[in-house]
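Here we start with a single chain on its own, the form predicted on its own, put down as structure tokens.
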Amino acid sequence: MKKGKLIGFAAMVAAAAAVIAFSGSFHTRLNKSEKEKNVQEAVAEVEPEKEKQADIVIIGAGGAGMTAAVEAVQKGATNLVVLEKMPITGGNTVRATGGLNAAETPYQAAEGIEDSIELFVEDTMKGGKNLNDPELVQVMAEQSGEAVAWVNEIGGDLSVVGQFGGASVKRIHRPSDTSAVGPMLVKALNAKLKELEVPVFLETEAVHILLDEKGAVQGVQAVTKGGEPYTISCKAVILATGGFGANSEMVVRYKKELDGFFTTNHLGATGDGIAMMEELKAGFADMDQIQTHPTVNPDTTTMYTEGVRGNGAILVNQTGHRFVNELETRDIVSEAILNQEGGTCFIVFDQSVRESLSAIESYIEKGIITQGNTPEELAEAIGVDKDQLKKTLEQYAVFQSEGIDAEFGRESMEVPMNKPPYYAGLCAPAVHHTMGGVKIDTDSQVLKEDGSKIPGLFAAGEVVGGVHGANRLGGNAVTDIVVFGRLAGSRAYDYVMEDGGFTEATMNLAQEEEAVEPEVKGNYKDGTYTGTGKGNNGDITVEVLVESGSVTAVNLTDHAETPGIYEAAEKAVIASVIKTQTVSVDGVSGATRTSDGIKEAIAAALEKAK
């Protein structure tokens, strides 16, 4: 195998690096930490032993990286590995409290919520001040419904729909017990990784991505927990390292006014992927667009989910007055809080809001919520004018009953906020999400500064720029990581299969897919037949070729299915139909409706061939 160039790394270190095997045997041990048990019990940490190559290396085991790994394996990948520099998986995803924004879902329909892909796009572009890449936003919105279905199919729980800031309608999908979305998703992904036997190397930091003489991906330079460098030869890399919200120097480099801000990010969100992309002369977008989350406890950096405000809570300043529409976008609410005395405020809610959202219990357990049996008692406890807070709550109850917020134009007022006891938590904005990052196309492939592709390099999650523009809407981050994580996993798999891969298993699989043969004899009339079925986005039309009584080929001739999703269904369903000569075959997880549409279309065609 030819040596690639080790970008920006000393030659002596390169010479000492060892190539690690990921397709051979592994030493596996479960992470048993009680503190992390709820979301970490399913993931296995593995340690490399022998020298060999991988087809796909995924850098980062947050939500996007784990999603990419699961999708790639579901599609057929047989030799991939995940590198994670932290001692646990999850990244910032495990801290996500809200949910996943999705349009045109069965859960919305069940509640009579009228939403559309177009409205989702419109809200996202408006929230991002139109700095977003509209093509990426379109992909995210179109595939959001399938993202919900996919999460639920792998063992997750997204079935309750709520209202979040910046959304025109109820769009955010949350767990049925209204708990935080992040731990649920990470637990489901960890369990799926274990089920699929995906190797995850914890405390292993990727430091450089290697390119060959043609500029295509050839490997990854990594460092073990003990500081030993080694190289993984591979055909494709998926960059899912997250943002840089925990790197104060990098934050200030791009946005000086955030100097001194605390952060909601986990310790590993230090922009490692940005540094690796700079070495490769990748293109970047919106690097100075850094979002602050408005409602964060300044003492513990605990983030109060937007669901608290979405379910009815209000914000009051040190004098007990409301000062903003609580459901405005995060940038607007953050700025409004910073303009108040001390740059802080209180999030205030009643017992009805508490009962509606189980995530609130964790705030109470942490001791960051103050309780009072009356508005006056609460006001005294938090040092706010008691007469004014009582007046504010009474006025809000009137607005809620009339359905019109005459002060700030808030449209969604779920409850009158008059059921005791009453609660309050101190809030201040904190660095939350870095919207800027590496440029990608709609296939999640990384682009250079000149707009050309870096062959074999894909990216997903917060390391990517362009999706959220100047401001990310609450609920869009989880949509982002699932949609583009799946796309990256799918496209990386396609790239490896087209290239042939490194391993014998991959090369054999590629050969099998090139020539699918019937395993049983069909009983149809020879000829070419067409049929139509109902897919996810409309009608699917197929052309079925019958030779010597058997189905030998099926082609999709017309459809509107979502790129990055339909291909897996197309490949798997058609191959199964040809092998079995029947449409009674399994569909593809995450592309159920597309699978059903293809089977329905083939069945309609074969009716003519009887």
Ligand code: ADP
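Just so we're clear, the structure is a prediction, and the values are computed from it rather than from any experiment. Note that residue numbering begins at 1 and tracks the sequence as displayed.
A second form of this protein, the form predicted in complex with ligand ADP, is not displayed here; the remarks below concern that form.
Inset, instruction - Taking 4.5 Å between heavy atoms as the contact cutoff, choose which of Ala424, Ala103, Met184, Ala206 touches ligand ADP in the predicted complex. - result: Of the listed residues, the single hit is Ala206.
Inset, instruction - Go through Leu357, Leu83, Leu378, Met277 and name the one with a heavy atom inside 4.5 Å of ligand ADP in the predicted complex. - result: Contact with ligand ADP in the predicted complex is made by Leu83 alone.
Inset, instruction - Indicate whether the candidate residues Gln74, Ala147 and Lys192 are all in contact with ligand ADP in the predicted complex, with contact defined as any heavy atom within 4.5 Å. - result: So, no: the whole triplet misses ligand ADP.
Inset, instruction - Answer yes if any heavy atom of Arg410 is within 4.5 Å of a heavy atom of ligand ADP in the predicted complex; otherwise answer no. - result: No, Arg410 stays farther than 4.5 Å from ligand ADP in the predicted complex.
Inset, instruction - Mark Gly155 yes when one of its heavy atoms lies within 4.5 Å of a heavy atom of ligand ADP in the predicted complex, and no otherwise. - result: Judged by the heavy-atom cut-off of 4.5 Å, Gly155 is well away from ligand ADP in the predicted complex.
Legend entry - Thr231, heavy atom within 4.5 angstroms of ligand ADP in the predicted complex: Close contact is absent here: in the predicted complex, Thr231 is far from ligand ADP, nothing within 4.5 Å, heavy atoms only.
Legend entry - Contact label in the predicted complex: Pro175 to ligand ADP, heavy atom within 4.5 Å: Pro175: no contact with ligand ADP in the predicted complex.
Inset, instruction - Name the stretch: of 53-61, 539-547, 574-582, 553-561, exactly one has residues whose heavy atoms fall within 4.5 Å of ligand ADP in the predicted complex. - result: Contact criterion met by 53-61 only.
Legend entry - Those residues of 234-249 which, in the predicted complex, come within 4.5 Å of ligand ADP by heavy atom: Contacting residues: Ala240, Thr241, Gly242.
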